[in-house]
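Next comes just one chain, in structure tokens: the form predicted on its own.
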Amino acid sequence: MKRPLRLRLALRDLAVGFAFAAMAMSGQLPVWVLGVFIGALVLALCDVRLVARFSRLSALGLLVAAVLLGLQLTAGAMNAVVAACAFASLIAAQRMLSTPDAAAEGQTHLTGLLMVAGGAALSGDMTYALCLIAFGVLASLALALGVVEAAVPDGEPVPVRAVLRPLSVGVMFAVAGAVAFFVLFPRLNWAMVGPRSAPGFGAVSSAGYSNTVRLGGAGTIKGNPRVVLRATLTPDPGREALDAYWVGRTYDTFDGMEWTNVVGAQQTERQITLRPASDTLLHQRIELLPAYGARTLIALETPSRLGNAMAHTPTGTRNSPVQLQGGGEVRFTVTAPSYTYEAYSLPPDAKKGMSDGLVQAERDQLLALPEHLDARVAQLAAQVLQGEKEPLAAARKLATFLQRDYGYTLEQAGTPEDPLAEFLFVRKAGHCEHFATALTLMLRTQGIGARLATGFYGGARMDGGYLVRAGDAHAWTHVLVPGRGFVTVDATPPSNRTSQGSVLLEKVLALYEAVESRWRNSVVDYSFRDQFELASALVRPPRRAPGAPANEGPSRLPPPRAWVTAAVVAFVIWRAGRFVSRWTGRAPVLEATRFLDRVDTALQKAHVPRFEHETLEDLTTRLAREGHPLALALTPLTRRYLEARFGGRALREGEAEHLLATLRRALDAEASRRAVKPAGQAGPTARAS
């Protein structure tokens, strides 16, 4: 068996590797499947074909793996799509390590296609698109090299460099054709046929939401640059950076170590109303990403209504009712990697009312202090306030004091017994939870109601909306002000409220988010409606320019982009027509070549002597010069071949058969007239130039 080209096998294995990555990026494949496939890929790239020697053992291993996956499927620990993708991965790994014969080649490429389809079912992220393109290009090159390799005789080298350039051009045209097909042909929204998002790698809970907030520990979340939330606001503030609080929940009870709520789950509805609405609500369309990792709805301070939620689960998108919890928290009832929902918040200057929807148990907790609160906390608060009793003025006075006299740090070694006293009287440095807890407890010691709030602070502009990072997680204080309800007062220094991560890393992720946003808008959510709007935008006449005279009406002609598009399309059609005509023009040439082959075969069978490299026209000329009887049949035949081959005069229907019949009769007559010469004198045949 001819040894396969190493480059072709490497391209094939890499293509299958990208097909596997298209599924693995979803983060839903079992870890042991990841390990098996990656190990097999490394061995295959090193040209180690282990299965070639242990084919039966590998088949037994596949059987065991199928049983394990089936058990997980029937036990409900894995869904059918993930199980199918995992098994396809194992088959691909087994085929890559097999002897690279024709059967293994086809099966490896087939499993690659299956894995790409599985990736589409598991995830619609932009990383899938990159893997899909890489798989298409590498697999096409591998298949094309296989065709070239099969045409090369044994023992001769494959002209890799000579064929790679036309192969690359062909692949480029194939990708361009696929893009044109995608843009031009009506299609369904991807989100209608597949999941909108998948957990992905490392998608652990980044928001840090739980039923409690425990004081102490390092604030590592402030350095996390992952995006957890995307929001579109109406009306749009239009600012590059939001100076706003995104509240998730509040806490009313502090035991000296951690914050909790006295009230648990309440009603479950499709939409929860927290406060009476007004005519100037700020609408938010929010998408919580897999990196968020919690079920708490987030909204701009002060939320009025939250709901209309959709949960994007691995098996599809469905409605999710929401449930009201203590502390004004609203949770999704369906667990999913990501969610979309709507929220309405009161404008910053709106009257919020006194009660703010609190039940009596929550009201009672607004002045509650820990049983063993350090007496110095109240003394310090009284010393700072100097008799100030108005709640908001007192809160701002304490916040100013904390920002001025205390430092901000994310380093919190050890777990002190009294973290608040440790912050106020020993280290005098902490992060947002320390500042917010200190302010809240100091207010309570002076008889002013307050509670701790958690969520995010800030928001960076991105593609007409805003995104919030895990590092923007924040804690602050709600002060109960008579006649105004709860008012936000933040004791954390302003420069330390937003993400504390690497600026460079945040810029890189922001760039990725911008590209990913384009991917979702232009590909994942691209539908027939988008196609219609794109076509309409191309031909819609331009509006009247600002400042144009009132009597000057809008133009009725299509805009310049329509003319440019029409010119480009016309050019492409013209070039395609030229290409097709040149291709069809080669048909007579190919027919003339086949005619020459039949003439050469007839002459060889008749043992007509020819010199080495003697062409048909040279043979005809020589025989005519010698007065040979065959020259009478060969002369018109040769002339018509040359006209068809180089003169643009194709052979008419039946003309080739007529000329060949005349030649055969002349050859038969010559054979009858003369004795057949020994075969060794026939000499080699040569083709016409």
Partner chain sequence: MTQPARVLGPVPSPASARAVMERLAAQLGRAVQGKPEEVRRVVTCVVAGGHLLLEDMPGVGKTTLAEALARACALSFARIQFTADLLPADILGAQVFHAQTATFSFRPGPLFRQLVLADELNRAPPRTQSALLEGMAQGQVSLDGQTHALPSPFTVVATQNPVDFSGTYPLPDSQLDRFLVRLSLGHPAPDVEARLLTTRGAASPLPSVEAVTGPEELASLREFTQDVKLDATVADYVVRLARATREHGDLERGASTRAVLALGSAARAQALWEGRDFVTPGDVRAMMVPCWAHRVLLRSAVQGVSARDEAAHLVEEIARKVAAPR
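In this text, all values refer to a predicted model and were calculated from it rather than measured experimentally. Numbering follows the first chain given and starts at 1.
One more form of this protein should be noted, the form predicted together with the partner chain, which is absent from this view; the next part is about it.
Participant: For Gly647, is any heavy atom within 4.5 Å of the partner chain in the model of the complex, or not?
Facilitator: Gly647 belongs to the contact set for the partner chain.
Participant: Any chance Arg639 has a heavy atom within 4.5 Å of the partner chain in the model of the complex?
Facilitator: It does: once the partner chain is placed as it appears in the model of the complex, Arg639 has a heavy atom within 4.5 Å of it.
Participant: Quick check on Glu422: any heavy atom within 4.5 Å of the partner chain in the model of the complex?
Facilitator: Close contact is absent here: in the model of the complex, Glu422 is far from the partner chain, nothing within 4.5 Å, heavy atoms only.
Participant: Answer yes if any heavy atom of Asp154 is within 4.5 Å of a heavy atom of the partner chain in the model of the complex; otherwise answer no.
Facilitator: Contact check for Asp154: yes, within 4.5 Å of the partner chain in the model of the complex.
Participant: Looking in the model of the complex, is the partner chain within 4.5 Å of a heavy atom from each of Asn308, Glu329 and Glu342?
Facilitator: Looking in the model of the complex, the three residues Asn308, Glu329 and Glu342 all stay beyond 4.5 Å of the partner chain (heavy atoms).
Participant: Which is the contacting stretch out of 383 to 391, 595 to 603, 134 to 142, 454 to 462, given heavy atoms within 4.5 Å of the partner chain in the model of the complex?
Facilitator: Only one stretch passes the 4.5 Å heavy-atom test: 595 to 603.
Participant: Of these, Arg561, His613, Arg518, Arg214, which has a heavy atom no more than 4.5 Å from the partner chain in the model of the complex?
Facilitator: Only one option qualifies, and that one is His613.
Participant: Just one of Asp618, Glu149, Asp418, Glu301 has a heavy atom within 4.5 angstroms of the partner chain in the model of the complex, so which one?
Facilitator: The residue from Asp618, Glu149, Asp418, Glu301 that makes the contact is Asp618.
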